[in-house]
Structure formats: structure tokens, C-alpha cells
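Taking the form predicted on its own, here's one chain by itself in C-alpha cells.
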Amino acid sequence: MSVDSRRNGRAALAFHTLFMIFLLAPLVVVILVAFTPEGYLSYPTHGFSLRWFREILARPDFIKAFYQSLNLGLVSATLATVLSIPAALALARFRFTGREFLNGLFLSPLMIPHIVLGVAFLRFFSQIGIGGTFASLVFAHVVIIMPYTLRLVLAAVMGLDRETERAAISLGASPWTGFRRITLPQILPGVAGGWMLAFITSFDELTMTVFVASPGNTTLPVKMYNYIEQTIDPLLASVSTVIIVLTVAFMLVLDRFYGLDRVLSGKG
């Protein structure tokens, strides 16, 4: 290995190290602040305490908002995935008039600012009389997260070998049986990856949800946003720490039993 190659290798290592520090430093600071015993944001602290984690259990409004976000993410991600599978199959396998238009329509929420979508959904839901309901939240979230599920499912379908499915149908299997037993298992990594990204996006969505949510259907990001407008204390740091730990645990379990590379690439 030449001197220049070693020098370039060390420079690349230093760059990636600084980049990872830049990404992880805010998370580390949030986690450390969550353990402060003080009644205000402070770091370094004069000791470590679980005071603000116990405070979460004393705030049923935050717990309710967490379950609301969890339910909303599960329902929205599942519906978006169910809609994305036939859409991806149609876009990948058939050539028809309006195909490019439909593809652009499905992906358009990626290009429209969420604040514009929020105002539009607020007006639309008010006009049809479902403003502030859980159904309106689900509808709005499905619209903005479907591009994530569609792209990964579409990538999996594009790389699919159809010969096995054709063989099954030629041997007497119905189209539904061929899809359920042949096609779906092959595209499952893309389906799972799309669902995961959709759930994370739905759970974390704030900008659009502020316009659509109501006091009876408040998600955790909206609750945290409203709380920080009124007061600033380490409670939000402790809530964020819990979410970080749950996310890391979920990723580790997923990687252990399935493999994050397979899920995120959408390939088996």
C-alpha cells in the first residue's frame, strides 16, 4: 500500500468519525440532560437522577399521546403498505395510459411541503365534517407516508423473477394463491422495509399533524411541541430518551432476527 493510499484512508476515517460525532452528539446530550436532578435544563449536572423519568409516569397526557401516536403509526403504516402492494405490482408489470401520472401522483407528497398539506387537509376535513377525528389523522398520514412504502415495494417488485409465479399458475394455482405463496414471500423484505419507514415517519410527523389533530386526538410530537411552548424543563429530554432507547432496541431486534440490510434495501 502506497503512502498516498494510507494518507487517503486516514483522511476518510477521520471524516467519517467526525461525521458520526456530528450526528450522535445531539442525541448524547439529550440523554445526559434527561438524568439531571435539577428542575431546569442543565449540563453538566450535579449528579444523576431518575426524577424526570418518574415524571413521565405522573403525566397521563403524555402516556395517552404516546399510545395515540403508536396506534396511528400502526394503522397508517399498515394501510399504506396494503395500498402500495397492488399499486407497485400494477406500475411495475403493466404499461397503460396514465401510468406515469399515477406514479407521480403517488410520490407527490414528497415534493409538497407538509405545512401546505396540513392547511389543505384542515380545509378539506372541515368541509366534509370529519375534522379532528382519528379517521382524518389516519387518512392524512397514509397520504404522506405512502411514497415510502411504494418506493421500497416497487424496488422489490422490479427485481422479481416472475417465472416461478407463472409456473405455479400453469400448474393450476389461482392468481391469489400464486401471489400469496410465491410473489409475497419474495417481495416481503421490501414490504417490511417500507412498513418500517412509514411507521417511523408517521410516529414522528409534526408539521402536518399540528393542523389536523384535535385536543382529543393529540399525538406525542404535537404534545411535546405544545408543552415546550409553555415551559422548558428536562421532561421532554426524558421522553426523547425513552423513544431513543425503544428505537435502538427495535432496530437491534430487527437486525438480529432479520437483518437491517435486507429490510432497508428491500431485497431478500
Partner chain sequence: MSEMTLESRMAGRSRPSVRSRSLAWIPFWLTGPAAVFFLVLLGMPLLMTLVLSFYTFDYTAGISETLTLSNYTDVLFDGYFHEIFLRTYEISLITTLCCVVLGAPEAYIIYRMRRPWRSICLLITLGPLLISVVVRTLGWVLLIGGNGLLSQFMQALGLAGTRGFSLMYTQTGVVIAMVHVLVPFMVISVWASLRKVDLSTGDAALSLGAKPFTVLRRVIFPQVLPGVLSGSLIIFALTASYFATPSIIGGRRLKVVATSVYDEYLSTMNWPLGASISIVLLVLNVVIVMSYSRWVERRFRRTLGEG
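Remember, it's a predicted structure, so these values are computed and weren't measured experimentally. Residue numbers count along the first chain shown, from 1.
Omitted from view is the form predicted together with the partner chain, to which the following refers.
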{"item": "The unique member of A192, A155, V75, L117 whose heavy atoms fall within 4.5 Å of the partner chain in the predicted complex", "value": "L117"}
{"item": "The partner chain contact at V29 in the predicted complex, heavy atom, 4.5 Å", "value": "yes"}
{"item": "Exercise: P109 in contact with the partner chain in the predicted complex, heavy atom 4.5 Å", "value": "yes"}
{"item": "The partner chain contact in the predicted complex: S126, any heavy atom under 4.5 Å", "value": "yes"}
{"item": "Touches the partner chain in the predicted complex: I56 (any heavy atom, 4.5 Å)", "value": "no"}
{"item": "Partner contacts in the predicted complex for 188 to 217 (non-hydrogen atom within 4.5 angstroms of the partner chain)", "value": "L197, I200, D204, L206, T207, V210, F211"}
